[in-house]
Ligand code: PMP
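There is one chain below, alone, in structure tokens, taken in the form predicted alone.
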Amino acid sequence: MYYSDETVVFLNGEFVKAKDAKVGLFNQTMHYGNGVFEGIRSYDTPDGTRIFKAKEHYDRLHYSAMMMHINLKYSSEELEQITYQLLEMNGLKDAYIRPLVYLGENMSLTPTDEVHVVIMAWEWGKYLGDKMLKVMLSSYQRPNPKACHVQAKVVGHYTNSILATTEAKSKGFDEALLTDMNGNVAEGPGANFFFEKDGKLVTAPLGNILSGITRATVFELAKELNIDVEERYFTPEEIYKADAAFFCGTAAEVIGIELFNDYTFPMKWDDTNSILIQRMYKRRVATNEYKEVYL
């Protein structure tokens, strides 16, 4: 699914076949989860293959590495250039890109000086599909920001996401929605959450959630569309009064939610402001992001 015998990856300064790439079995990232990564997409646009907000993603990778005491030696600009090379070598245009920074062999609980960088890319549809989602309130909470750096995209953090998604699917839902340690709505396992009420969008503030690149793009698009967005804390109970809701993230893009627990959102999706965000996002990523696009 992710690679073939001919797929090339970037590993520690070289382009190698994915089937030939090797990692040490004693690497700290595999044993303890101390590694950082990104999820990025490229699109086939009228101006050629374009990576959407590559700088923002690679800047966040640097932030994540810094917070985990990992010395990432490649600059954001270098990583972007390498990624374009990788896409060309694999003949990819519409692609999902996964940079991963993992550590050397070490069974102690301190970071290693040995740092490995791998970048992979493959064709991958929208992570949550195209259909409206059925979402449940998870019994799991997002990690406490005093326990770890929740705004860093750390490998080990995603055990929490696996638990929440697995629980939701086992109960017949498509995805989960998690609260923070205070019982306020935080985000999904792999996407940020917005709800719509009386035309206004509401989302959780930074602090207990990942600072999503797509989330920031939603703010930009809403401003262009004159849609109000409010960042504030809110409980799951408030969602039962909402008109509509959606998840957003690089892998999922913008995807509407039909049902939350046993509550069906009353507004027809095609009549919401949320669908304007969804449409605008699709057009923005499908063109050169620096050009004006219109609905």
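All residue numbers are counted from 1 along the displayed sequence. Quick caveat: nothing in here was measured; it's all calculated off a predicted structure.
Omitted from view is the form predicted in complex with the ligand, to which the following refers.
**Student:** Can you work out which of 203, 165, 214, 90 has a heavy atom no more than 4.5 Å from the ligand in the model of the complex?
**Tutor:** Comparing distances to the ligand in the model of the complex, the residue within 4.5 Å is 214.
**Student:** The ligand isn't shown here, but in the model of the complex, which of 223 to 231, 62 to 70, 24 to 32, 242 to 250 has heavy atoms within 4.5 Å of it?
**Tutor:** Only one stretch qualifies here: 242 to 250.
**Student:** Using a 4.5 angstroms cut-off on non-hydrogen atoms, would residue 191 count as touching the ligand in the model of the complex?
**Tutor:** The answer is yes: residue 191 has a heavy atom within 4.5 Å of the ligand.
**Student:** So, residue 53 and the ligand: in the model of the complex, are they within 4.5 Å at any heavy atom pair?
**Tutor:** Because no heavy atom of residue 53 falls inside 4.5 Å of the ligand in the model of the complex, the answer is no.
**Student:** Please run the contact check for residue 122 against the ligand in the model of the complex: heavy atoms, 4.5 angstroms, yes or no?
**Tutor:** Output for residue 122 is no: heavy atoms all beyond 4.5 Å of the ligand.
**Student:** Does residue 140 reach the ligand in the model of the complex if we count a contact as any heavy atom within 4.5 Å?
**Tutor:** Although the ligand is absent here, residue 140 would stay clear of it in the model of the complex, with no heavy atoms inside 4.5 Å.
**Student:** For a quick check, can you give me the residues of 151 to 188 that have a heavy atom within 4.5 Å of the ligand in the model of the complex?
**Tutor:** Sequence-ordered list: 153, 158, 187, 188.
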